[in-house]
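One chain is shown next in structure tokens, namely the form predicted alone.
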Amino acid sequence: MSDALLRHAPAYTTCAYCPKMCRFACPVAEAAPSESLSTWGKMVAGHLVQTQQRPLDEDAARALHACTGCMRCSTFCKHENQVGPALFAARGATVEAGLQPRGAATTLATFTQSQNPFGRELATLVAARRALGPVKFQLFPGCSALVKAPALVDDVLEVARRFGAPMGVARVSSRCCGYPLYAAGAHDAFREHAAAMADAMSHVPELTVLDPGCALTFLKVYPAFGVKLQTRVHTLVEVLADHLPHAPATPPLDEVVGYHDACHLGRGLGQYDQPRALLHRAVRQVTEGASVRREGGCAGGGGLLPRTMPDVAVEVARRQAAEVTPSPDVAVVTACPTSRRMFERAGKKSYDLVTLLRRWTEGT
């Protein structure tokens, strides 16, 4: 039995003997009604694997991968049980047994070959956006933004300049933070990758991170694996909120938008006020769903769910978008590039917060 399974044994047991009190809190279980995909069902699968009461099979492997790591269940748990990390650890057993869902297996294979989940060479994308002269902040966009939304990175650089916080993409951005390895359960590989990343970052005193998933990985997951960063890490919304007094005195856009609390930014890092302060300056009206902040819903983009259960991931996003704003004419705004893509895949008009800030500062 792996050390990872033993480390999370109390979490598996706590959930396995719980009367399913958080059944309503899991976005995956709501999108794909199945008791085996509830928080209880998934953690029972982990418990049975950890206690060796049942051989691991494809059904159990599927259940272990039916989690985005959104932490919503922990919010409603009296014990604040950490379900996501426990399930990610249990996925390691599926790697060893060769029972990973195809999407997770191909992600690991691609990462092993290219050191990122997209199979792309990132150095060229980084070089195109590095500052030509001195800048105040070094930006780590995250490989997802670099590959999937390069225009968003350009928006960040322009908005930062207008806020009096000029940025350039850091050279170290040519490396992935390693989150896909962590989510896939390849924890030995993740620890090794994180240590190498920490060493590569050692010459960077401060780093501003666009993707909340990357920021959470640096600030919370690295320490959990014994990897200490010498670099001070800030999220982009933190830096922009601090520089909001220096933003152009432009009237807010005459628009109504809905705001989605990204899981890693909100529940993961506790940053709820900063994005709202930015958004309320940029538009005339902001609406929100019934469940917000720590209790807010999930967009379905984490935990490799879009690769292992793509239809379920889209349904999670569709449900969350409908809660944030049921009107088809009102766009959902989020500070997470992956969440924005998930909302768009679900057919909902969505903006990244930074893109909206750029339109606001330009008066368009």
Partner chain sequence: MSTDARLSGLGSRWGAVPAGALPPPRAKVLAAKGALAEAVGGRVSFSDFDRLSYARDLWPLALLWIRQGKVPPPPDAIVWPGTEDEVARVVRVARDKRLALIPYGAGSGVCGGAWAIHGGVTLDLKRFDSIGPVDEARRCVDVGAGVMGETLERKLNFSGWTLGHFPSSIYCSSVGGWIAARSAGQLSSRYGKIEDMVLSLRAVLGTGEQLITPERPFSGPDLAPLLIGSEGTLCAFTGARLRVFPLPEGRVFHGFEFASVEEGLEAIRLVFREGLRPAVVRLYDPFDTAFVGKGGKARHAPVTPPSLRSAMERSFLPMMLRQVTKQTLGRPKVMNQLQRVFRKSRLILMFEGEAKRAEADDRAATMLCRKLGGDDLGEAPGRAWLARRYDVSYRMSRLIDAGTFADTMEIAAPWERVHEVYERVHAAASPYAFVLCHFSHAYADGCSLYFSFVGSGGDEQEIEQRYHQLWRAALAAAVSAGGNVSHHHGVGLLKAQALQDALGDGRHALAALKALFDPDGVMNPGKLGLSS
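Numbering follows the first chain given and starts at 1. On a predicted model such as this, the values are computed, not experimentally measured, just so you know.
Another form, the form predicted together with its partner chain, is not on view; read the next lines as being about it.
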Looking at its partner chain in the model of the complex, is some heavy atom of each of 176, 197 and 239 within 4.5 Å of it?
-> no
Out of 268, 101, 168, 289, which one falls within 4.5 Å of its partner chain in the model of the complex, going by heavy atoms?
-> 289
Name the residue from 332, 305, 28, 60 that puts a heavy atom within 4.5 Å of its partner chain in the model of the complex.
-> 60
Within a 4.5 Å heavy atom cut-off, is residue 11 in contact with its partner chain in the model of the complex?
-> yes
Look up in the model of the complex whether residue 79 has a non-hydrogen atom within 4.5 angstroms of its partner chain, and give yes or no.
-> yes
Using 4.5 Å between non-hydrogen atoms, is residue 20 touching its partner chain in the model of the complex?
-> yes
Residue contact check: residue 16 to its partner chain in the model of the complex, 4.5 Å heavy atom | yes
In terms of non-hydrogen atoms within 4.5 angstroms, which of the given stretches 120 to 128, 260 to 268, 135 to 143, 71 to 79 touches its partner chain in the model of the complex?
-> 71 to 79
In the model of the complex, residues of 25 to 41 near its partner chain [heavy atom within 4.5 Å] = 30, 33, 34, 35, 36, 40, 41
